[in-house]
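To begin, one chain is listed below as structure tokens, in the form predicted on its own.
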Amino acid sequence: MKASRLQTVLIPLLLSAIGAVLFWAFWSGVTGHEGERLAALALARVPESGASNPVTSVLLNFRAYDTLMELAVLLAALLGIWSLGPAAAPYQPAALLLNSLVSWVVPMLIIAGGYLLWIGGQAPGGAFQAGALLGAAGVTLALSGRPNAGLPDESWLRVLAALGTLVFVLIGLTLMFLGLGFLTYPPALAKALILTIETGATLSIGATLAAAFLGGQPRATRTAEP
């Protein structure tokens, strides 16, 4: 009983203290610095970044390390899902009406994903949005009874899942070999390098999301999908 009463008092105090610290950190970040803000500095350097969209400039150039880590986290999450055992039994094959719907929804999702990948350098879009649409296409196929959600066999699926992280790291190491910093793009090549990284990331994100939805290790034997 005493322990219960103690928890009743301590937990609200602890939560209040955490809230106060978070508010202090936020307020200090907003008001505690003089001079030009980081957003203004970043906007001023956008023309040098290889992308005219400020969001893409930040995600793929100014803080590319963060984006690389995000892709690594997705890969680690998928490996964790695979470690839990084989995927669950597939959904029942879809009826004629749903199959007809899937036959035009999935291509539209893939086309829209390609558009978002291409336009991401100039307007809202990019690898994560495009990859999410590719993942949605895989989920749609899985829900319609395709046991492998349109994904390739296990060996190629592993390559796709690691592709985004691998391309990111290889480009960074190549730039280091050429005497530049890791992921420090030369202005003349920045646009091409960003597009290359985003292409690999899009395929990787799409495959990872679809494979994660299946909920387990890829099947050792694949059956032909209808």
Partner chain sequence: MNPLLLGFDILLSTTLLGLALAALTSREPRRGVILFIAFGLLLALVWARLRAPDLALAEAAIGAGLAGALMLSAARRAARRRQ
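Numbering follows the first chain given and starts at 1. Predicted, not measured: the structure shown is a model, and the values here were computed from it.
The same protein has a further form, the form predicted together with the partner chain, not shown here; the description that follows concerns it.
- The partner chain in the model of the complex comes within 4.5 Å of no heavy atom belonging to residue 203.
- The shortest heavy atom separation between residue 148 and the partner chain in the model of the complex exceeds 4.5 Å.
- Contact check for residue 101: every heavy atom lies farther than 4.5 Å from the partner chain in the model of the complex.
- When contacts are judged by a 4.5 Å heavy atom cut-off, residue 53 counts as touching the partner chain in the model of the complex.
- Contact annotation for the candidate site: 113, 118 and 194 all lie away from the partner chain in the model of the complex (no heavy atom within 4.5 Å).
- Counting a residue when any of its non-hydrogen atoms is within 4.5 Å of the partner chain in the model of the complex, the hits in 177-215 run 209, 212, 213.
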